[in-house]
Each structure stands twice: as C-alpha cells, then as structure tokens.
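Just one chain is shown here, as structure tokens, and it is the form predicted on its own.
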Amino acid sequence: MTKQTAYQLNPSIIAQQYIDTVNRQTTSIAKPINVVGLIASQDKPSFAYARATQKKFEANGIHYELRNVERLALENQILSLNSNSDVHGIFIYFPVFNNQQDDYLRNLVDFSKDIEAGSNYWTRKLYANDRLALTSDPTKKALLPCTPLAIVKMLSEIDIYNKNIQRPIEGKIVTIFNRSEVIGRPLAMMMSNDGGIVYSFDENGPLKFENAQPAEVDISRAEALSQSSIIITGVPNNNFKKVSALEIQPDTICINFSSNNNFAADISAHTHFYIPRIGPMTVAMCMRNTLRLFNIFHQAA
C-alpha cells in the first residue's frame, strides 16, 4: 500500500467497510438480533453519542433499544437482560459511578452478551492470548474490546500490522498514554502479544509490556516518545501536556482516542499518519462484536 496522508485515513470511511460487511451478514439472518444499550447519564454529548450508535445499528439490521435509566437501577437492569433470551447483546455507556462500581457493573454482564468484551471472561482470554471464544470450537474467535480493536484495525489500514505473520508488529516500539482497564491496558496487552514493545503511561508512572507481561521500567516520557514509531493517546484531562512534533520522530504514527486532543497542532505537519479520532471505528467494532456474539451463542437458540 502506498503511503497515505492523514486526511485520507478517515475513520468514517474505513469503518464503513466493516459496517457494510455486518450489513451483508445481518440481511441473511432470519432471526432478529436485539441489543439493549443502557445509559445512566444526562450528559448531552454522551446521550448524542448513544443516539448516533443506536441509529447506526438500526440502519444495518440490528435492533437497538436505548434505555436511559437511573444509575442505581443499572444492576437490576443488567441481571434482567442477562436472563432474557430475546436479548443478544448489552451495551453500557461508561463511566457511570467513575469508580470501582463501574468494574462491578461491567463484570455483571453475561459474557455471551458482552458487546464491549470488558468482562473477566474476555479479559482473561486476551491476557492469556487465547484467540478462541470456546476452547471446544476452533472456528469461533474470541472477542476483543471495541476501542483497542478499532485502533489495531486502523493500523492495519496503513500496513503497520502485517496480517500475514503471527506477530505483526515484531520489534516496534509503542507508547500509550492511558492504562485504564477498559482501553489502555488491554491495548498494551494486545500490541505486546503481537510483538510490540509497549511503554504504558498513566498517573502512576510507566510500565513496559513485552509478550503481554508488564514490568516496572525507569523511562521518561521524552525517552519513550523519541524511541517510538507508534504513539497512542487517550487522556481526558486538560492538564495533560500535549505531544508535540519536537518530541517524536518524523512520520511516527499518532492516534488519539480521547475526547480531548492530546496532540499539539504541529503534529499534522510532522507526520502523514495522524488520526485525531476513532469514534466511528469503535462503533463499527461494536457492531462486529455484536454479530460475533450472536453467531457464537444465540443463533441456534
């Protein structure tokens, strides 16, 4: 593939390729696929995103019921949906409590309906590099978290991920600013499983991931950035010092998945590979995961 400029790496265009595939498959399924999204926020941007997600699912053959519920009602809602055989996927808009209660709610979702693949069932498989959804069936692939998967798919579009080899980013150095259990840490595990050397930063300092094993490391932000060929940011904090062109190598791949832009304005002039948002790709991966869950666990029910 020839080198592309940043404006050509439009996540909406790339996402549409995956959405079209989902659409073709859903039209061949006689049984309706039903998803329920639960949002316990009155935040207008969050609700707008939820509505946009609902609209995209509905337009491509997946029925998506969006419920705006009180946060203290979420637990009972999840348990009820888990036991409802007519519901094939559950999507929760986090954060809700913005503390460990969110982890509890995330793990309350039955793994066979866990679109975001954030529950312990899928997390254990990711950390063990277990690529199968069911050990008894080698044809059924495991689910991966939507946003980390979206990032990997974007990298595949510019041939950074060599799909033809087992460890597609062997030896590449990656820096990630975000080590949340939802996105940053799973992403570091995925990329190190795929051969990368990953420096993962959060407010508690850096860790180094190799072969899905984290280790303490004494490395500065400046050192990590200067060595990296891929930099991924997801810090929703205005106090974060934006990554500037002076800190990175020319043509470093730069991806931002935060609602805040974590890169300085000079980045786009310094690299052809700058992706400031990935939201449409995340939605596409959620649809992809929904279809995979349905085919593995619900189609024959």
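Position 1 is the first residue in the sequence shown; the rest follow in order. Note that the structure is a prediction, hence the values are computed from the model and not measured.
Quick note: we don't show the form predicted together with another copy of the chain, though the next part is all about it.
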item: Every residue of Glu157, Leu246 and Asp251 near another copy of the chain in the predicted bound form, heavy atom within 4.5 Å; value: no
item: Another copy of the chain in the predicted bound form: contacting segment from 135 to 143, 223 to 231, 167 to 175, 117 to 125, heavy atom within 4.5 Å; value: 117 to 125
item: Answer option from Asn107, Asn162, Asn84, Asn211, heavy atom within 4.5 Å of another copy of the chain in the predicted bound form; value: Asn107
item: 4.5 Å heavy atom contact, Arg185 and another copy of the chain in the predicted bound form; value: yes
item: Exercise: Asp130 in contact with another copy of the chain in the predicted bound form, heavy atom 4.5 Å; value: no
item: Asp218: touches another copy of the chain in the predicted bound form, heavy atom cutoff 4.5 angstroms; value: no
item: Partner contact for Ser80 in the predicted bound form: another copy of the chain, 4.5 angstroms, heavy atom; value: no
item: Stretch 61 to 83: residues contacting another copy of the chain in the predicted bound form, 4.5 Å heavy atom cut-off; value: Arg71, Leu72, Glu75
